[in-house]
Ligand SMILES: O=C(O)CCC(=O)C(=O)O
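For reference, the chain that follows is the form predicted alone, supplied as structure tokens.
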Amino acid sequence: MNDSTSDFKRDGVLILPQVLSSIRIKEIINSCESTLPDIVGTRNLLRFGWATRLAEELKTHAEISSILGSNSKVIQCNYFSKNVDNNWYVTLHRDLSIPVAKEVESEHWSGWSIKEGQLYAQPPRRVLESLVAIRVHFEDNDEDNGALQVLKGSHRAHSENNDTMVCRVEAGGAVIISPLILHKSSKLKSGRRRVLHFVFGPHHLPDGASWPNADHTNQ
């Protein structure tokens, strides 16, 4: 286990600079703008080939690969676009729901809901502990344009150190978090903030549950 992986397991958060080049970021922005015109957010980007290809590209990055392990698959990709006209505050929370193909009869699953036409549920904690989210940033991100804030270590069941960390990152960089970490973001004061939020998980789910869109995620 390298230092980055150890830090991530301990803190539940890791910032990686320059995961993607400026040229690659421009290409991705063009793909976003052509497929998602005038939209502030969506959960369903894996229907686009450019998003699934980018997920596979991220898995080839040495430090990301070490954190994800060899058996991970992309299971979700969200897009968030904040600017002064489309601005919001996100309260402290954990990401507890995952997309699933169909409901299962199990006491270990709860919180069934439909979001953008997709079924979501809260799985057993062991599933959530196996997930990793990778947030790719299109712009430099700091306190002025709604940088993510996390409580370090709060992803662990018993954590004694919950220091607040502002996730400052440059364009082309990535913020890697455990979905179980407590996190929030403020309204931006200026500029804009565009983020692709990928979630990676295990190939198989317990209790007969399964991921949706298997053709997108078996890569």
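For every residue, the number given is its place in the sequence shown, counted from 1. Everything numeric here is computed off the predicted structure, so don't read it as measured data.
Keep in mind the form predicted in complex with the ligand is missing from the figure; the text below concerns it.
Think of it this way: in the model of the complex, the ligand has a heavy atom of just one of Arg126, Lys115, His93, Lys102 within 4.5 Å, and the residue is His93. With the partner removed from view, the residue among Tyr120, Phe138, Trp109, Phe80 that has a non-hydrogen atom within 4.5 Å of the ligand in the model of the complex turns out to be Phe80. Across the options 150 to 158, 52 to 60, 177 to 185, 24 to 32, residues that bring heavy atoms within 4.5 Å of the ligand in the model of the complex belong to 177 to 185.
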